[in-house]
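Just one chain follows, in the form predicted on its own, and it is written as structure tokens.
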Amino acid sequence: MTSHETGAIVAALTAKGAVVRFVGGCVRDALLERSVKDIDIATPDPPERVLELLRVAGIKAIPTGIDHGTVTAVIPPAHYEITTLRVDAETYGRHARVEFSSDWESDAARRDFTINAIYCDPQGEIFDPTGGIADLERGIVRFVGTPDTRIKEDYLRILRFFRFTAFYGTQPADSDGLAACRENAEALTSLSGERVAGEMLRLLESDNSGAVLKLMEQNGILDHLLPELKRTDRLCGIIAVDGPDPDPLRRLAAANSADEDGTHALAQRLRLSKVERERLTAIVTHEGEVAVDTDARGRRRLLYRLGAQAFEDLAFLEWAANPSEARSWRRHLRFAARWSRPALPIGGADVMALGVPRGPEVGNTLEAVEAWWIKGDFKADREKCLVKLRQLVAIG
């Protein structure tokens, strides 16, 4: 917030006398002395004026949400979201018809949580019209105004309530907010899979996500959204062992109680990418195959067949269930990190060179050689594999 690049943005926006303020996550996290990621700035100037001020200053500007008053300024590698003060003239679900304003308190009144409605000017003076600092100090996430009203403006705020509780809540969840989430939970089915996945995966990055997921289950939130996420105890177990860089997809897998078909349906519902879907399904399909007493030879076979990612996922999940064997699981993971997957020294051309016609028989013959090569712990070189190939072709 005090960088040279941010200073250039502020200078551009205030060139004609406008008063601008930082708002939202950057202020909240700065007050908590946490690292600041995204920087949002509020201004009374309309978006067309913002675009012109940035253009005059030679700063790239993108009208990312100009109808709602949002312009993105870019000074690589940073992006700054600049939004005109506004009030919701009419709301309907996720969308709203907004009117631009110069009233800071009205702008605050339309925001989701009090801890996200704290403003700070470039000199560091705080403007806190909804009592967000007190809530931040208490460790409680509270909706601005009436919780039911805020939720009906965008039902995704139910999930945001739990995500922010996971990251910023140190007290029991706000009872009024929790009740409103519970009463509106059925409307979660109207949300797109992408939006749900975005919130849930971010929630799962928190080390409090196990407790918060239990809270969601107890209040019927998951029943309408993700009924598969019943294994909260296993999620808590993996949170205890997965280190400083949590993997939210693996944590999702830990909480998942569905079988292979159910997991595929879950991934489809969340609109996960093909890679993410395959990874989630592989965890369910091969659960239990990585054991604490698997020896080096067995690890090599599993790594070759499953790949390093699936092996690591399965090892972490088993470690979560057997935390007393931490030394062995760390050995498995170190081994996986170092091991390079070998390539079978022969290919289809070698099979056809022995007279096998192009077609399924080539693949079947290669698979037979590969099975023999794996059984021998990948030690056979090209010459030995060719000898085995000739033997199989002669027998065939």
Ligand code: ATP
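Residue indices: 1-based, along the sequence shown. The structure presented is a predicted model; accordingly, all values stated were derived computationally and were not measured.
Separately, the form predicted together with this ligand exists; it is not shown, and the next lines address it.
Figure note: of the listed segments 68 to 76, 108 to 116, 220 to 228, 282 to 290, the one touching this ligand in the model of the complex, with heavy atoms no more than 4.5 Å away, is 108 to 116. When this ligand is considered in the model of the complex, only one residue from Arg142, Arg157, Arg250, Arg299 comes within 4.5 Å through any heavy atom, namely Arg157. Residue-level contacts in the model of the complex: of Glu361, Asp38, Glu370, Glu48, one residue has a heavy atom within 4.5 Å of this ligand, and it is Asp38.
In the model of the complex, this ligand sits beyond 4.5 Å of every heavy atom of Phe161.
For His332, no non-hydrogen atom is located within 4.5 Å of this ligand in the model of the complex, even though that partner is not displayed.
For the chain shown alone, Arg202 is a contact residue for this ligand in the model of the complex, at least one non-hydrogen atom being within 4.5 angstroms.
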